[in-house]
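Coming up is one lone chain in C-alpha cells, specifically the form predicted alone.
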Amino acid sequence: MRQWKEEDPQRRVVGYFPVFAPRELIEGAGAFPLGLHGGGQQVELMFADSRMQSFVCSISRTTLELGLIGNLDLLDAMFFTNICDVARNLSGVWCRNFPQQQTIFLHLPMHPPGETTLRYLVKEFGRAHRTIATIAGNGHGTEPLHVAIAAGNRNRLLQAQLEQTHRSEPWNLSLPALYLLRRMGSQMTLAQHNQLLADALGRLQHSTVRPRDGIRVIVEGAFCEQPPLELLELLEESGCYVVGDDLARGLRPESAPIELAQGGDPLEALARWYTFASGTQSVRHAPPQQREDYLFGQIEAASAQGVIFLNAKFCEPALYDYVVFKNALERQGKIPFMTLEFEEKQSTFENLRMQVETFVESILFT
C-alpha cells in the first residue's frame, strides 16, 4: 500500500474498522478502502493497553497497537461506525493519538427499517461522502459512486456464486479458502477483488478433489473479531463441513444488489439498500423472532446437522444473538449445537479440537 501511494502522491487511503463500512462510499469518493481486522498473532501488545482497558476485545487493542507502532501511518483517515461501545470509544482514542489522520464516525441507525431511518441515513452517507471526497481532493460529484456501486453489485454476485459452490460441494472449496477469498477484499479495490473471485470460480470448475465423510454444520457468533485461521482449519480437520457461516461480515453477499436506477441518487440507493435489504445483523435492532427465523433459515438452506457458535472473548454484542439462538435451539430440541470461545491471538487449539471431535462423534453415532 505504501508503494502504491508513492507511485502517485495524490492517492488517499481510508482505513475502516469492521463490522460494516460502505466500501462503495469510500471508493466512490476517490479513496482506497483498507479494511483493518486487528493484528492477529502477528503483533505483540506493548502500548495499546496504556490507552484502553485490558478487558476489552482483542481486535480493538491490536488495531490500536498497529497504529501506535507506526504500521498505519500510511492512512489519511480512519472510518468507524457505532457498532458497539468499544468501537465508539476507539474512535475517540484514535482521534487523540493520531491527529494527523482524520477520524470519520458514521452513526448507523439502530431502529427497524422505515422511511424515517432512510432519510436519516441518506444524510449520514452524504456527510461521510463529502468528508472523504474532500480528503481525496476528488470533488463532490456522484459519477464515481455509480461506478463503485456497480462494482459492489458484481462483487456480491461473484461471492454468492462462490458460496453456492461451497455449500453444494464443500470438499471443493473449504471454509478457510472461502474465508480468505473474502478477507482479501479488504485489501483490494472492488474491481480487483472481482477479478480475483472470477478467477477462483474458473479454477473451481476444474477441481478434482474427492468428497470425504463429514457432518454439515453452520458457524455463527463472529462479530468484529475473527477466529484464527487455524481454528477454521481445525473444524474441517475434525470432520465438519462448514456449509454456512457469518464470518467477515461487511465483506460478503448478505443481501440483494443495490438497486440504482439510471440517473438516480446513488447515496439514496446505498442508504435504501442498507435500511431495507442488508440482512439480519447483530449491529442492527431486530426482534428475537426475526433472529430465530434467520438462524433456522440458515440451517434449512444448508441442510445442516449441527450448529457451532464461535464467540470472541469480551464481545458482548455477539453474545446478544447467542442467547436468542441458544434458547431457540433448546426449545426446538432437534439440532445439536456447541459453543467455542476464541481470541484472535490464540495459538493453542488442542482443547478445542477435542471438543469439536466429540461433538462430531455425538452426531455421527446418534
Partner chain sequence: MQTTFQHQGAGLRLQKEMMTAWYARQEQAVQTKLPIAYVFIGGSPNELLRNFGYELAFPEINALQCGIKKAAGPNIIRAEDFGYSSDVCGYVKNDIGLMLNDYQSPQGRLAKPDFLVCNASGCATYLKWWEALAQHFAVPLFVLDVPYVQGDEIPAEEIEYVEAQIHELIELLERQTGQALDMARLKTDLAYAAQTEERWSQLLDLATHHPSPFDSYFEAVFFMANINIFRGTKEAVTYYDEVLKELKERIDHGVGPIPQEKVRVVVEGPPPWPHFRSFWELFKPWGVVCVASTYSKVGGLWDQGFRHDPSRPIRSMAEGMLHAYCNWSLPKRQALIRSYIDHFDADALVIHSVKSCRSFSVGQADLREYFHHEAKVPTLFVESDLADPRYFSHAQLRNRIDAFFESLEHRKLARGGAGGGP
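Just so you know, these numbers come straight off a predicted model, no measurement behind them. Residue numbers count along the first chain shown, from 1.
Just so it is clear, the following notes concern the form predicted together with the partner chain, a form of the same protein that is not shown.
Enquirer: Kindly confirm or deny that Arg11, Ala160 and Gln164 each have some heavy atom within 4.5 angstroms of the partner chain in the predicted bound form.
Expert: Negative, none of the three is within 4.5 Å.
Enquirer: Does at least one non-hydrogen atom of Glu316 fall within 4.5 angstroms of the partner chain in the predicted bound form?
Expert: It does: once the partner chain is placed as it appears in the predicted bound form, Glu316 has a heavy atom within 4.5 Å of it.
Enquirer: Is Gln42 close to the partner chain in the predicted bound form, meaning a heavy atom pair under 4.5 Å apart or at it?
Expert: Contact with the partner chain, no.
Enquirer: Although the partner isn't part of this model, could you tell me whether Met338 comes within 4.5 Å of the partner chain in the predicted bound form, counting any heavy atom of the residue?
Expert: So Met338 does not count as contacting the partner chain.
Enquirer: Look up in the predicted bound form whether Asp199 has a non-hydrogen atom within 4.5 angstroms of the partner chain, and give yes or no.
Expert: Outside the cut-off, so no.
Enquirer: Heavy atoms within 4.5 Å of the partner chain in the predicted bound form: which stretch in 177-185, 144-152, 113-121, 202-210 meets that?
Expert: Single hit among the candidates: 113-121.
Enquirer: Go through Asn89, Asn194, Ser238, Thr134 and name the one with a heavy atom inside 4.5 Å of the partner chain in the predicted bound form.
Expert: Among Asn89, Asn194, Ser238, Thr134, a heavy atom within 4.5 Å of the partner chain in the predicted bound form occurs only for Asn89.
Enquirer: Which listed residue (Thr189, Asn97, Asn172, Asn71) meets the criterion of a heavy atom within 4.5 Å of the partner chain in the predicted bound form?
Expert: The residue in contact is Asn97.
Enquirer: Check each residue of 30-65 against the partner chain in the predicted bound form and list those with a heavy atom within 4.5 Å, in sequence order.
Expert: Going through 30-65 in order - heavy atoms within 4.5 Å of the partner chain in the predicted bound form - the hits are Ser50, Arg51, Met52, Gln53, Phe55, Val56.
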